[in-house]
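So this first bit is one chain, no partners, the form predicted alone, shown in structure tokens.
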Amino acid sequence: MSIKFALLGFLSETPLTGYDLKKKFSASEIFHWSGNNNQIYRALVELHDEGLVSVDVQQQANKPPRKVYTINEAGRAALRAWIGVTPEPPQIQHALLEKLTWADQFEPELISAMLTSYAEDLRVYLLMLREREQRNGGSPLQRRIAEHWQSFYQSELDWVSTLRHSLER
């Protein structure tokens, strides 16, 4: 996914500054993006140059000007066209499976400790997701997305539990 379409998506909800957009990325469960501010600002400049967003420069006392970006009709059309294209199946990078690929070469206690710690992290993360959903609510589609993530992490937790029990035998 291009960062530009994520930016257009966030801007389709409300006008935002580059700083606000960075916070949106950080708070999102969906957009695991580890980019830097320069990538956001560069993409915003490109979106503006392409005529997909407008920018309102607001002067501030004793601070640099604040740039607020707003999606326009051309931006909405580009976002709509992108949404209409069938996505590719997800390519999941899975650190646990990578480690387990070679873990059977080592003592069972090492694997057990790692799986126990991983399961606890999953439990905590799942609780956080459930709490966030209760606080935020959102549209019916956003709630279904939140349910999907909860289901994914619950399935992962169940699989790890089954794996731990099978390895203990």
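All residue numbers refer to positions in the sequence shown, first residue = 1. Computed from a prediction, not measured in an experiment: that's the story for all the values here.
In what follows, reference is made to the form predicted in complex with a further copy of the same chain, a form of this protein that is not presented.
Contact label in the predicted complex: Asp56 to a further copy of the same chain, heavy atom within 4.5 Å:
Contact with a further copy of the same chain, no.
Might Gly9 be said to contact a further copy of the same chain in the predicted complex, defining contact as any heavy atom within 4.5 Å?
Heavy-atom contact with a further copy of the same chain at 4.5 Å: present for Gly9.
Counting only non-hydrogen atoms and a 4.5 angstroms cut-off, does Gln60 reach a further copy of the same chain in the predicted complex?
Heavy-atom contact with a further copy of the same chain at 4.5 Å: absent for Gln60.
is_contact(Lys23, a further copy of the same chain) in the predicted complex, heavy atom dist at most 4.5 Å:
Output for Lys23 is no: heavy atoms all beyond 4.5 Å of a further copy of the same chain.
All three of Phe106, Leu110 and Glu156 touching a further copy of the same chain in the predicted complex at 4.5 Å, heavy atom to heavy atom?
Yes: Phe106, Leu110 and Glu156 each sit within 4.5 Å of a further copy of the same chain in the predicted complex.
Counting any non-hydrogen atom inside 4.5 Å, which residue from Asn136, Thr70, Gln39, Ser117 sits next to a further copy of the same chain in the predicted complex?
Residue within 4.5 Å of the partner: Ser117.
Would you give me the residues of 73-89 that have any heavy atom within 4.5 Å of a further copy of the same chain in the predicted complex, in order from first to last?
In sequence order, Arg76, Leu79, Arg80, Trp82, Ile83, Gly84, Val85, Thr86, Pro87, Glu88, Pro89 come within 4.5 Å of the partner.
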